[in-house]
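The chain below stands alone and is given in structure tokens; this is the form predicted alone.
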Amino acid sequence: MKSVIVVGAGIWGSSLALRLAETGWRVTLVEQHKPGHVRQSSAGETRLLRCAHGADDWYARLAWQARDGWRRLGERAGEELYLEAGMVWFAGTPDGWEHASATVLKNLDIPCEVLDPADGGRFFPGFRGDDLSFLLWEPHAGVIRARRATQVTAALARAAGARPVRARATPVAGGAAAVEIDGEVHRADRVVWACGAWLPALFDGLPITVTKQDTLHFAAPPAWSVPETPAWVDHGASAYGHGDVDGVGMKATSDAEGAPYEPEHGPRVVDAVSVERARSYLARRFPGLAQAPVLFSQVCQYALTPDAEWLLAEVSPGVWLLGGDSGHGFKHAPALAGYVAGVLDGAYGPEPRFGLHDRVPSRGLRTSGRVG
């Protein structure tokens, strides 16, 4: 039986542990806290699932596969983890990122529809879209209950035979396929370091920057509940949100990169400028919510690569790094786990885009069309 140690029980690590345990691997899943703990990027209350990725079709196909994975996972767990509320993209120009996305989705036969900005009132009370060129409607996009999904996935991995270990792991000198825990070395055929924002501190020279990301939820009328209200993204303004899920409020926040951040001990208090930025956007797009009180706020972090492409690389025999979520990786987890499992099995090599090469800065994959 092949053996693997997966370090990190966020959504990527837990999904991979589940997939490998179910396909005959002996799996050890190491997490220094608990799956879904509030320091994880995966522990945000919600994450978006969307197939639009600009001109890129690889991520669009994977997201479409992941949609089925999330629905099956919810059926197994007996609870709704994915809310298919749909998503509206606000296109500021006729031939920009949203136009490229629509072209790719149509070529892949992923349902989408180009709408007039005036149609925004069908989806959002008091919507103002007079500055927009068009709307791109993804009917099969939606919202994932992120923190709960992470906990459920880790629990399913345990039920499938993965052995959980609550500890802080460190790499072993010399690049061996092993981890050190409390002075003891544990070996396996493969070691996968999937520890999110902690990865750059463990391995030098990675093309990953960790940033502080403030998320905000505002008190809103019942008409803003999910799934009645779809998710929305304004790529040009680096703003996104969705209706009220589970009573924590209507989400409206910036996706622009925050300041550098240390995930273990960094302050978990949102900045006043983040609230001001969100309110300014609400005043322009949803004026009726401009003065809505903040109902819930949370600090998470992104592990960003310059080009938003992920990192999947073997740094020494049997030692793999999996990271650089870049804020758009959560939704892919069920499908990504299958892809990575194939790499670990030797069925194929990782995509060259995921390597340890120099990265050219790009905004094409994330929901943020600008920096800062």
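Each residue number is its position in the shown sequence, starting from 1. The structure displayed is predicted, hence computed values, not measured ones.
Missing here is the form predicted together with a small molecule; even so, the following discussion is about that form.
**Q** Name the residue from Phe123, Phe134, Tyr82, Trp198 that puts a heavy atom within 4.5 Å of the small molecule in the predicted bound form.
**A** Among Phe123, Phe134, Tyr82, Trp198, a heavy atom within 4.5 Å of the small molecule in the predicted bound form occurs only for Trp198.
**Q** Going by heavy atom distances of 4.5 angstroms or less, which of Ala223, Ala160, Ala176, Ala167 would be at the interface with the small molecule in the predicted bound form?
**A** When the small molecule is considered in the predicted bound form, the option within 4.5 Å is Ala167.
**Q** If we take heavy atoms and a 4.5 Å cut-off, which stretch out of 54-62, 329-337, 312-320, 342-350 is in contact with the small molecule in the predicted bound form?
**A** Only one stretch qualifies here: 329-337.
**Q** So in the predicted bound form, does any heavy atom of Ala9 sit within 4.5 Å of the small molecule?
**A** Contact with the small molecule, yes.
**Q** Is Leu304 close enough to touch the small molecule in the predicted bound form, meaning at least one heavy atom pair within 4.5 Å?
**A** Result no; Leu304 lies far from the small molecule in the predicted bound form.
**Q** Examine Tyr240 and determine whether its closest non-hydrogen atom to the small molecule in the predicted bound form is within 4.5 angstroms.
**A** The answer is yes: Tyr240 has a heavy atom within 4.5 Å of the small molecule.
**Q** Under a 4.5 Å heavy atom criterion, is Gln213 part of the interface with the small molecule in the predicted bound form?
**A** Yes.
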